[in-house]
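What follows is one chain in structure tokens, specifically the form predicted on its own.
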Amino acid sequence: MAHFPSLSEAIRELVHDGDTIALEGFTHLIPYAAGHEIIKQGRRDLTIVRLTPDLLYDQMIGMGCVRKMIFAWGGNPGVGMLHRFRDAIENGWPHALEIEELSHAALSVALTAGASGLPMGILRGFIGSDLPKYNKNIKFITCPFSGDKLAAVRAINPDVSIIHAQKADRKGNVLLWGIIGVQKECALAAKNCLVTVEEIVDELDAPPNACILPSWTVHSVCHVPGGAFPSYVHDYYERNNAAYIEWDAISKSRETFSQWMETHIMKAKNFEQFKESLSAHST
């Protein structure tokens, strides 16, 4: 049965220096609150995994938490590039960043293999691509049945996977809906899974074929309303597009980035205070 600690307690217990962690969410349900707590607790040398790293991973990279990133696409969606990510790659600030790039399909397959207890995942892909030249974990094999040339990628098994969801019941079963990415695969592939939720209820009232993570797949559930802000949560709140637009200017220089992080994240007692600080201060 899942535990119900505070978010700070859960991060302190589950996330350690040098871990491989996945903070997943696809356009919505992005676990910003959990990521900010990792930053505030000063974790270092992390390998971070995500299909589409955006502002949250830019913040973690800029604050020196990350040694390596495994990803398929990185950017500020609808706006442009991630400036802290680029600075780390081009200039080694705040320190050098190692990257392992895959396609969306290949990273999904790698996580699915990890969730299935397999050493690798197989797909049709990368024919004519340069990525295998730069990623040693992309190999080609011959199918023993058809003779086809197929791509193989190493399975990914995070130490901790962290996701945000709409609901959990008091037994620790988790329900999420709307656009679903690879949250289920991440949860099942990881040694431990932490879920932040909008609400904890007596009954999930899940419709047929809903995406449910049973309690035995989840280590900790943390009640963090609004924990995906500034991304959105289907049926709960909308995406804060202004925050994404403003991040472009905030993150361009090391000075404005560092000042913003100190003001809005490091000094915030909790995630609710972080959200309030954005309203009280101009960016």
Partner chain sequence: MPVSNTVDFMTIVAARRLRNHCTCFVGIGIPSKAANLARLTHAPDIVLIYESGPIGTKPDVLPLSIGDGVLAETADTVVSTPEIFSYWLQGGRVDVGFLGAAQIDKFANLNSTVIGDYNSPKVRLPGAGGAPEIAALAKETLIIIPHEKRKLVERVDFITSAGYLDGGDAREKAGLKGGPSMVITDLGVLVPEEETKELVVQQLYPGVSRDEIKEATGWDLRFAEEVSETEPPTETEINALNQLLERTRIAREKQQNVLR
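Everything numeric in this text was worked out from a predicted model, so none of it was measured. Numbering follows the first chain given and starts at 1.
There is also a form predicted in complex with its partner chain; it is not shown, and the following applies to it.
For the candidate spot formed by Tyr32, Tyr57 and Thr217, no residue has a non-hydrogen atom within 4.5 angstroms of its partner chain in the predicted bound form. In summary, the region of this chain contacting its partner chain in the predicted bound form, judged by heavy atoms within 4.5 Å and restricted to 217 to 225, 38 to 46, 60 to 68, 243 to 251, corresponds to 243 to 251.
Interface residue remark: Gly125 is counted as part of the site for its partner chain in the predicted bound form, having a heavy atom within 4.5 Å. The closest heavy atom approach of Gly147 to its partner chain in the predicted bound form falls outside 4.5 Å. At a distance threshold of 4.5 angstroms between non-hydrogen atoms, Ala2 is out of contact with its partner chain in the predicted bound form.
Mapping the unseen interface onto this chain, Gly92 falls outside it, with no heavy atom inside 4.5 Å of its partner chain in the predicted bound form. Screening Val201, Met120, Ala72, Ala206 for any heavy atom within 4.5 Å of its partner chain in the predicted bound form leaves a single hit, Ala72.
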